[in-house]
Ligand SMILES: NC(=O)c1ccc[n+]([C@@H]2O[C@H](COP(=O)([O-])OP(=O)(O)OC[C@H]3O[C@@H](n4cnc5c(N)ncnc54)[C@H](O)[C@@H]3O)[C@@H](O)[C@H]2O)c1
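A lone chain, given as structure tokens: the form predicted on its own.
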């Protein structure tokens, strides 16, 4: 006889959500009750792998099920706010694919709804935190082994132009390369450094997708300023001619770290005669990425345990993304309002 699982869950959207569904299905203390997608062929394919799981193309079946404890929202960006709010108002915890929402008013609405339901928790799919390489870099920085950090550069080389010029991203009334791509590098930089910026400057363009159905920027570059004048440069390249990759450079008083497609090294001297130290920690480590969701489920089972991506970090990163998008439009350096 099958033992009743402790957390009853559901997933809306089976793109990235397919990985989340499988993680929940395999979690020993979780029951995946529903999967939902408007694409019926995708729903059927994923459903055939997840036996004993109900399928629907109607999100209301999931949102209105009183038995569900946790909903993973992995639908199109413009649907996130609506589905997050409905989930919270129905008493369900939420794990939302980035971005959490697409406007400041939506973010404030989610914040207020969480305040009205203090027993509920929210997290997001910031999967770069699960990578062993980036975990090591964070530990080195936090232990001050490379001295005070004065600059970080993080680039999201998406290299998936086809996803921008066809499908929902080309049809959406609003799409942000900052919300969709730069968000990962913003989160990574804040996570490894451990502090939040106070201002942002940003520019963007849509040169690489010119002449296609994509109406929105496919590239953006951000400069984040901190109170101590430390800086972080973030770039998001949607249409670049480059394999999918996340570059990271950290400049400290004592040494520097470079992670590029050509190699990963620590540089401890300015002398051309001293060779860089190779770093062999695992990257991209895609098999680890479900740890972000698993840690959230575990935090629901043990409320005193923090998830890998805490709720406050989700709001901080979203606040920076929203300020950066506004900075692109205004072409001004803007203070960051943390929501």
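Predicted, not measured: the structure shown is a model, and the values here were computed from it. Residue numbers count along the first chain shown, from 1.
Same protein, other form: the form predicted in complex with this ligand, not shown, and the subject of what follows.
With this ligand omitted here, the record of contacts in the predicted complex names 72-80 of 139-147, 72-80, 194-202, 225-233, defined by a heavy atom within 4.5 Å. Residue contact check for residue 97: one or more of its heavy atoms lie within 4.5 Å of this ligand in the predicted complex. Residue 39 belongs to the set of residues with a heavy atom inside 4.5 Å of this ligand in the predicted complex. With a 4.5 Å cutoff on heavy atoms, residue 135 does not count as touching this ligand in the predicted complex; it lies far away. Although the partner is absent here, residue 169 sits close enough that one of its heavy atoms falls within 4.5 Å of this ligand in the predicted complex.
In terms of contact with this ligand in the predicted complex, the residue from 21, 317, 327, 12 that brings a heavy atom within 4.5 Å is 12. For the options 127, 250, 189, 110, the residue carrying a heavy atom within 4.5 angstroms of this ligand in the predicted complex is 127.
Contact check for 153, 216 and 240: none of the three has a heavy atom within 4.5 Å of this ligand in the predicted complex.
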